[in-house]
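The data below hold one chain only, encoded as structure tokens and taken in the form predicted on its own.
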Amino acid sequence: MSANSTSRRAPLLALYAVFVFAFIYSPIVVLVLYSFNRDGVGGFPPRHFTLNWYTQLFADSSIWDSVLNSLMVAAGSVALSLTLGLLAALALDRADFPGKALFRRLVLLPLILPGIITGLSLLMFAVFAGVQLRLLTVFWGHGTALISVATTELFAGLQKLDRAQEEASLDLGATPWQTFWRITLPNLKLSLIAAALLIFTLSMDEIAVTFFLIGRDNTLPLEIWARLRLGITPEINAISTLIFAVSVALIVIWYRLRARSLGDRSQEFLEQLGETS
């Protein structure tokens, strides 16, 4: 009876899934189509396709200056957040100290707070410290706000880690530092990559914190937002299409690395099983 009801529901669930994905991705498809539309934005479907908007985009120095600024801030945020997030995750997983439960909850606070609150509080702190607003303050703000992302991802990776390998390394005479570099860190590779990609993406997309901490130089989201105030242009559609393509490429790279890592682990397990038998 339950099998028959499940088979009857399957087509409805599939149709529902199609509608959901169409609702999510239709705007992206329209954006990509209009980036190739010769007549600009307006009228659907586009009738005349061209690459002129991409030609104008690559000749627009202000756009690429903002892209470079965003890349520098995102790269610095990844380095800062992963470093401090790894230390926080190790403390939560390996150490016992007073207030550990409270610390674990406070680490998640930047994920819960609205971006405008985080940005305003960081601005007030910068003014109090007498720091001039520039790209360095944006990097500092992004790195601070995204530490919780790194901590959460790396703490989950540490929870899944096989501690027997570390114990065996220590029993064989390796120092704790050698064990960390040769055993712990390599086993956290997937978690580190996942956290880095997520932090990089969130930093590239951040507007609220950036708006409060930016100086004279714009990042890419603020450059796009400033131009949108004057109206939507196909050039903005073109840069958005490139951002979407890069995001998809990063996702594909992540899944291939994950599949390869899982394949290597399966192979090692089979080899160990063969040796045991």
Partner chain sequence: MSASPANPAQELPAEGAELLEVRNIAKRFGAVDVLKNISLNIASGEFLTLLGESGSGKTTLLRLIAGFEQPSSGEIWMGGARLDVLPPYKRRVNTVFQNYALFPHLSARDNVAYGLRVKNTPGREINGRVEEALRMVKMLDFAANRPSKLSGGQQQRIALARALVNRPQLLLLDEPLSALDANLRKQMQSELKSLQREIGITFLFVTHDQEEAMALSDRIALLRDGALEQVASPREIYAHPATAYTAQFIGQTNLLRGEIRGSIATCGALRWPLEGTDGPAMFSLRPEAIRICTDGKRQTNEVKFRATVRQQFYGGSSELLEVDCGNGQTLRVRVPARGPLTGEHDFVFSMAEAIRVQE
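This structure is a prediction, so every number in the text was calculated from the model and none was measured. Residue numbers count along the first chain shown, from 1.
Here the subject shifts to the form predicted together with its partner chain, a form of this protein not shown in this document.
Mapping the unseen interface onto this chain, residue 168 counts among the residues with a heavy atom inside 4.5 Å of its partner chain in the model of the complex.
Taking non-hydrogen atoms only, residue 133 never approaches its partner chain to within 4.5 angstroms in the model of the complex.
With a 4.5 Å cutoff on heavy atoms, residue 71 does not count as touching its partner chain in the model of the complex; it lies far away.
Its partner chain in the model of the complex is not approached by residue 129, whose heavy atoms all lie more than 4.5 angstroms from it. Stretch 181-189 is the answer when you ask which of 152-160, 181-189, 71-79, 133-141 has residues with heavy atoms within 4.5 Å of its partner chain in the model of the complex.
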